[in-house]
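Next comes just one chain, in structure tokens: the form predicted on its own.
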């Protein structure tokens, strides 16, 4: 007698999210956002589950997950730092800010610090061009950020977390 293989908790959540969206393939991006909100990332193991549930190929689901930088394939650190790399921020010393952030955190874009405290991400517009260069820390937007301001913001963020 064959038994139905059990799904991982992440796969069960993926099926539930798909169900809430009517198992509709045109809801794929919303499904991925909701799943990432629940799990903190989109595990590789749920891609076949989503594909089967909404009747898409694995390649189609994988393609969407890997195309959009907003979808994480691994859990993020306790804090997420997003630095804008769009034209306005680039023209206002954004590259210097990026270099300082990577050196300070000892992590590149798309990486998490060794202690799991901070994930550094590149984004391509935070909608704060008038205050370039801009960064976002845990959803809070900061403008006119230079190396000194970056260090202050990170010090405040990490010290608040330690309390």
Partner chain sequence: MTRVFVPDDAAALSMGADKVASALKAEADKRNLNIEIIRNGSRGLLYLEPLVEVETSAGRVAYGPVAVKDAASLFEADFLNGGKHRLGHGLTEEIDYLKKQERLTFARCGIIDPLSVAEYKAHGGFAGLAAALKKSGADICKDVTESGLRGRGGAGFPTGIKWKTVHDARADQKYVCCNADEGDSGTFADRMLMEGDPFTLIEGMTIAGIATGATQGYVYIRSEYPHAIAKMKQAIAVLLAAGFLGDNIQGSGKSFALAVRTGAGAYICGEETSMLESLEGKRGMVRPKPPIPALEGLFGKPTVINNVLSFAAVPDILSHGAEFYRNYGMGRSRGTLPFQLAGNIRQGGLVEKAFGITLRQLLEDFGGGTFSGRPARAIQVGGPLGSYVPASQFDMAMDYETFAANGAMVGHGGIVVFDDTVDMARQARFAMEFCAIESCGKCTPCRIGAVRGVEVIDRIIAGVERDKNLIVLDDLCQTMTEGSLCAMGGLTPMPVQSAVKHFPEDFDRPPVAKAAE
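As the structure is a prediction and not an experimental result, all values here were calculated from the model. Positions refer to the first chain, counted from 1.
Omitted from view is the form predicted in complex with its partner chain, to which the following refers.
Checklist entry - Wondering, does residue 63 line up within 4.5 Å of its partner chain in the predicted complex on heavy atoms? => result Result yes; residue 63 sits at the interface with its partner chain in the predicted complex.
Next on the checklist: Quick check on residue 92: any heavy atom within 4.5 Å of its partner chain in the predicted complex?
Outcome noted: Residue 92: contacts its partner chain in the predicted complex.
Checklist entry - Heavy atoms within 4.5 Å of its partner chain in the predicted complex: does residue 76 have any? => result Judged by the heavy-atom cut-off of 4.5 Å, residue 76 is well away from its partner chain in the predicted complex.
Next on the checklist: Within 4.5 Å, heavy atoms only: does residue 27 come near its partner chain in the predicted complex?
Outcome noted: Output for residue 27 is yes: heavy atoms within 4.5 Å of its partner chain.
Checklist entry - Quick one: of 42, 101, 49, 126, which gets a non-hydrogen atom within 4.5 angstroms of its partner chain in the predicted complex? => result None of the others qualify; the residue that does is 126.
Checklist entry - Along 126 to 144, which positions have a non-hydrogen atom within 4.5 Å of its partner chain in the predicted complex? => result Going through 126 to 144 in order - heavy atoms within 4.5 Å of its partner chain in the predicted complex - the hits are 126, 127, 128, 129, 130, 131, 136, 139, 140, 141, 142, 143, 144.
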